[in-house]
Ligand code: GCU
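First, one chain by itself: the form predicted alone, in structure tokens.
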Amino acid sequence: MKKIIGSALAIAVASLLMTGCGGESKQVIRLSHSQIETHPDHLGALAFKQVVESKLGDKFEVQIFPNATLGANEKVLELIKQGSVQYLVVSTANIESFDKLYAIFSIPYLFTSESAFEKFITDPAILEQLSVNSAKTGFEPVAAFTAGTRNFYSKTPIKSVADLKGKKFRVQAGPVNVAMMQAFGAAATPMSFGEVYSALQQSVIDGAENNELALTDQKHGEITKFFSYDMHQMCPDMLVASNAFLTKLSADERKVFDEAAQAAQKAEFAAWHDSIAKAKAKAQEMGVQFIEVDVNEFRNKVLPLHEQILGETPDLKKLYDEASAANAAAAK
């Protein structure tokens, strides 16, 4: 099955590569993401397209591929490295296996507020630090999108850490996420986002963890009726660009693409804050109950992981200290 899927993907990409050839002068820029067309990530992508084509429309055409049309994020990252796809919006959890620096965002309770988190991810100096291995990975982060806070939602209420014990929860891939669930006394079940609905429906898992949009955009609220605000993680979606593409741009062209990335970030942030309120209202209409929990109880269970993770990956220390500084600044 993997070979079939891989072959189908290769054929699809090969046919896409022919688009724009045959004498046409415009270069096709492919921007991939795994969300639906109403998601803030897509609206950010549309803003990116608008800036590029308004300023460089005689040279470039931006094509957006939502809904993981080009394949799972990990697969598209390989295509990014090859240069056959130029841009991808991807969760930092999916990048960890390519570059361990992105594991900083998987550290549970790294941030104490959304304002600290947003200040951190929009700091150009942070993106620069995350770019240090770009020559090796083949891609560079050019903007960060907010994805709010990640929380538990399930078929049964999660009001305290004890309610997680023995339950199976879908998490994003990565050893930190597995360790976090173990600290909570639950079992981690990594799987692709697109598989979560059927896994919940078939009781393969008891719940998952994500933001409120998962309840409505992915219809998880049809099955899981309890959403608990434990706020264990704040992981951005990164807009990453292919080094193979960026290195071929002139200085003026690169400036426009960077402006487009900033426009995408601004549009995504605005759309995100608006969409969360709407998603929560819609989920309540679906019968979902939103539960406020004692965040400190959850935080204290996993704080020992901080030192463990930093001990295992010392390269994270500088970013960790800057996240702590962002927390302190936001608290003033």
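What you see is a predicted model; the values in this text were computed from it and never measured. Note that residue numbering follows the sequence shown and begins at 1.
Below: the form predicted in complex with the named molecule, not depicted.
- Listed stretches are 105-113, 165-173, 134-142, 254-262; the contact stretch with the named molecule in the predicted complex is 165-173, by a heavy atom cutoff of 4.5 Å.
- Proximity of Asp230 to the named molecule in the predicted complex falls outside the 4.5 Å heavy atom cutoff.
- The closest non-hydrogen atom of Ser154 lies beyond 4.5 Å of the named molecule in the predicted complex.
- The shortest heavy atom separation between Ile95 and the named molecule in the predicted complex exceeds 4.5 Å.
- Residue contact check for Ser275: none of its heavy atoms lie within 4.5 Å of the named molecule in the predicted complex.
- Residue Ala147 is the only one of Leu200, Ala147, Leu77, Ala186 with a heavy atom lying within 4.5 Å of the named molecule in the predicted complex.
- A heavy atom within 4.5 Å of the named molecule in the predicted complex is found for exactly one of Thr216, Ser91, Ser242, Asn177: Ser91.
- Interface residues of 204-222, taken as those with a heavy atom within 4.5 Å of the named molecule in the predicted complex (partner not displayed): Asn210, Asn211, in sequence order.
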